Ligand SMILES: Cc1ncc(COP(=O)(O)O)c(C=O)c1O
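Take a look at this single chain in structure tokens; it is the form predicted alone.
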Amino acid sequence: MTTIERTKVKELIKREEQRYADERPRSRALADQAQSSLIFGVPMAGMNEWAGGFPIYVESGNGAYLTDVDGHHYLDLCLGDTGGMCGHTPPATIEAVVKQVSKGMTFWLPTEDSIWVGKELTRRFGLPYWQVYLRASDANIAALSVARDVTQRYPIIVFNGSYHGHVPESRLGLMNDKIWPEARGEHDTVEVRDGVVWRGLHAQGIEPTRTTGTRVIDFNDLDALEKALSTKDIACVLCEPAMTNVGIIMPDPGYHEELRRLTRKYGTLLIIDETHTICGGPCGYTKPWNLEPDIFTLGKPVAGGVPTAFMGISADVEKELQRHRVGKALKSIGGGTLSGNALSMAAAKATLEHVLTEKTYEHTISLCKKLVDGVDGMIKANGMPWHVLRLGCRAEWRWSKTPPRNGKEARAAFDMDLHELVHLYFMNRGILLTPPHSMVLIPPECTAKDIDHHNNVFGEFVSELSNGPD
């Protein structure tokens, strides 16, 4: 096994930071200007997660590439953290958007496109009824509300290390090793009473009681799952088919079958969020893995970059919702004034029909396999204590010998110095990786030559770190 010298890592970070700053004077100047008008100097706080001390300012995007204000071109394998998975200029989506803009963008009334989209979502994912939102966060907020209306319960279960958008209760999954029923860790300010996590409830105007907690458990732990469900007061389990927020974490064989069986046993609804795992194919993993969710959510790339998200519900859930309906609208399903607007529907129809297709995924998944094969070969040939995983057209290498099974193990494998170095190293050589982790996502316009470029840079990175076997 190769030993990685920490002194060398620090030296390489310093070298790459200097190169990054020297080569991007215009981005640096704009970042300085932004400090006077934008919170944290960026229009969205997450844009501060990039390595280098200041973010790259983008001039334009075209296909698989971005150009910054300093004239550098980048192979974009971040793709807006999945929001740009269709590439930056999908022709069919652009054509539909331009056409719709000339006819009006939002009316607070439906357009015919919405009917086509609803039927297509049913064909792909199996759930018969749909609502439209602007963000996956909004869809997940609505999903929790629907689950609570239907079950007349309040607590939910999320997994340690998970993320489902800006949903106060689900964000508890981001906690640092604080899991139900026992809190651990000295530096987290989360309050735990009687084994229930309370943070985030006051922000919603909810007074914490024994029945209003979010229960955070480890993924792939069936004993913890049944213990949490056995209280018989859980409204829903909110999860992804495979975890993605702390890197790719695959389900154990049979885990989803037991998750579905146990949720039904204890009267708890199952919400599957495919916002990131739509990288798996046109039907995500819900249909191929026969997950049978009661509620389904999806966002980010579904309209080619135009903000759009969906919530689907089963026939049984819809029937229960009708029982709770008051007047013409049902407030629990949420949605703002701009939800389901004409522009979003036109973009979603074009994207689903012409971009997120079997043919596209055949291309992107084959290229992702090529990337993973190359990376895996270099890891093994150089004896690096790492591994690489693939999830459809998404891949990620990790700083551990074996893949983690839950969020706790994923965090333990995180290496801040290597994380900082790899992002700087790749950006300075014209490739963007996703900031929170070393994730790559393959867009439709990507080519074999692009993959060779990525793998060559990875080879250089490994070569600079490798000191030979012990």
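If you're wondering where the values come from, they're calculated on a predicted model, not measured in any experiment. Just count from 1 along the sequence shown to find any residue number.
The form predicted together with the ligand exists for this protein as well; it is not shown, and the discussion that follows is about that form.
Proximity to the ligand in the predicted complex, taken as a non-hydrogen atom within 4.5 angstroms, holds for one residue of 136, 96, 395, 249, which is 136. In summary, among the residues 256, 300, 349, 387, the only one with a non-hydrogen atom within 4.5 Å of the ligand in the predicted complex is 300. The candidate spot formed by 165, 245 and 276 is fully in contact with the ligand in the predicted complex: every one of the three has a heavy atom within 4.5 Å. Annotated contact segment (heavy atom within 4.5 Å of the ligand in the predicted complex): 157-165, selected among 157-165, 122-130, 256-264, 222-230. Within 4.5 Å of any heavy atom of the ligand in the predicted complex lies no heavy atom of residue 149. Put simply, residue 240 is close to the ligand in the predicted complex: some heavy atom of it is within 4.5 Å. Among residues of the shown chain, residue 140 is one whose heavy atoms approach the ligand to within 4.5 Å in the predicted complex.
Within this chain, residue 81 lines the site of the ligand in the predicted complex, having a heavy atom no more than 4.5 Å away.
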